[in-house]
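The chain below stands alone and is given as structure tokens, in the form predicted alone.
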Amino acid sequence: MRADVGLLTAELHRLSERVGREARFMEVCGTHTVSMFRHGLRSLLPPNVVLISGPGCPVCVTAQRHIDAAIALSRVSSVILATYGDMIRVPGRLGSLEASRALGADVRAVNSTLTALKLARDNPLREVVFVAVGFETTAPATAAALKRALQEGVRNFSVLAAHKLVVPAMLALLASGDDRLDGFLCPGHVSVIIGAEAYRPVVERHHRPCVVAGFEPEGMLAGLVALLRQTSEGTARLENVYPQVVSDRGNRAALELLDEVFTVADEPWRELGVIAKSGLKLRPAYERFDALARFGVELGEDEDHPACRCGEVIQGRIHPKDCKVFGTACTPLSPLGPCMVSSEGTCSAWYKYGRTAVGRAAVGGAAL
């Protein structure tokens, strides 16, 4: 039987008194950030429990160089560029995919990689490029589409590969000397694929508790209770409070498919720089599907908007309200950066749910 929200909240307050200081936990996943706001859970937290958003929004962490490359690919006359809907409005140095579409580019929002592959089958005289972003949650779908394209001999399909791996980013944040975090609320979606054991290096190398949690109110509160209990004890353990969905070792079939199509590679992240072994590149057998090589498009330098502080937001260094353009020059209708565009973006969540919140608990604590 699931624990009651009231009982979990009472336990949080009891443990917070035992801790006796501010406890800072990073919700790595953008879905956790949005769900916390949507269910009003921040208003239930003790004043000394502070939630910090992390680099868990796939669109938000995509480096500007990949956004610019996608826009450049969309302007190739023969190309149908397919992507997930949130990517269309992300601003780049060359405008946005939405702006390219307004100028005549054939940019289409799809809900899966297999839909993009179907576009290639249905349009044999066109080139279809899929912008492959996301973490281990969506990467297996990209791998499945590429494997099918290879088997079926589909020649007019390619991908702009920009997938990211979650755990290397967590390790990179801690390796930078960041000692502000007391623990991590780990993402349920990604953990289904990689398994709870994938977070053990965070616990063992940096002595930070990691708790895998789902996205319902009871699951998120149970995760925070587990984190706060470890903090009160001065311990660091790996816990999984989402065992009905997440196993220790993850989805073996999905992991084997990823390993067949991709190999681990160094990867650029928005304002985090290049993180070692944090991305996926195509193995030699699948290099024919590399859109950058096929169309001769090179990745340039990252040129983020000077007023946008999305990079600091996804590192948990500031809250959106600490950005001078938040809610003024930067809104969902006129975003300056991806954190205000994506449905999982921290700035978007704060704009939608947090602007009118009253009190420290409701907005998740003071600025970092």
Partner chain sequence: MCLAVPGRVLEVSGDRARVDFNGNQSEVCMALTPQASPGEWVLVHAGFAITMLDEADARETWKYLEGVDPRDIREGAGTEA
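Residue numbers count along the first chain shown, from 1. This is a predicted model, so every value here is computed, not measured.
If you look for the form predicted in complex with the partner chain, you will not find it shown, but the lines that follow are about it.
S.K.: Even though the partner isn't displayed, in the predicted bound form is residue 58 close enough to the partner chain, meaning a heavy atom within 4.5 Å?
M.R.: Heavy-atom contact with the partner chain at 4.5 Å: present for residue 58.
S.K.: Should residue 148 be counted as a contact of the partner chain in the predicted bound form, where contact means heavy atoms within 4.5 Å?
M.R.: Heavy-atom contact with the partner chain at 4.5 Å: present for residue 148.
S.K.: Given that the partner is absent here, does residue 192 sit within 4.5 Å of the partner chain in the predicted bound form, heavy atoms only?
M.R.: So residue 192 counts as contacting the partner chain.
S.K.: Taking the partner chain as it sits in the predicted bound form, is residue 111 near enough to touch it, meaning that at least one heavy atom pair lies within 4.5 angstroms?
M.R.: Looking in the predicted bound form, residue contacts with the partner chain include residue 111, since a heavy atom lies within 4.5 Å.
S.K.: Given that the partner chain is left out here, which of 273, 95, 85, 201 has a heavy atom within 4.5 Å of it in the predicted bound form?
M.R.: Of 273, 95, 85, 201, the residue with a heavy atom within 4.5 Å of the partner chain in the predicted bound form is 85.
S.K.: State the residue from 261, 133, 196, 169 whose non-hydrogen atoms include one within 4.5 Å of the partner chain in the predicted bound form.
M.R.: Checked against the cut-off, the match is 133.
S.K.: Looking at 95-103, 278-286, 73-81, 251-259, which one sits within 4.5 Å of the partner chain in the predicted bound form if you count heavy atoms only?
M.R.: Only one stretch passes the 4.5 Å heavy-atom test: 251-259.
S.K.: Identify whether the partner chain in the predicted bound form is within 4.5 Å of every residue in the set 38, 118 and 245, based on non-hydrogen atoms.
M.R.: Per the other structure, all of 38, 118 and 245 touch the partner chain.
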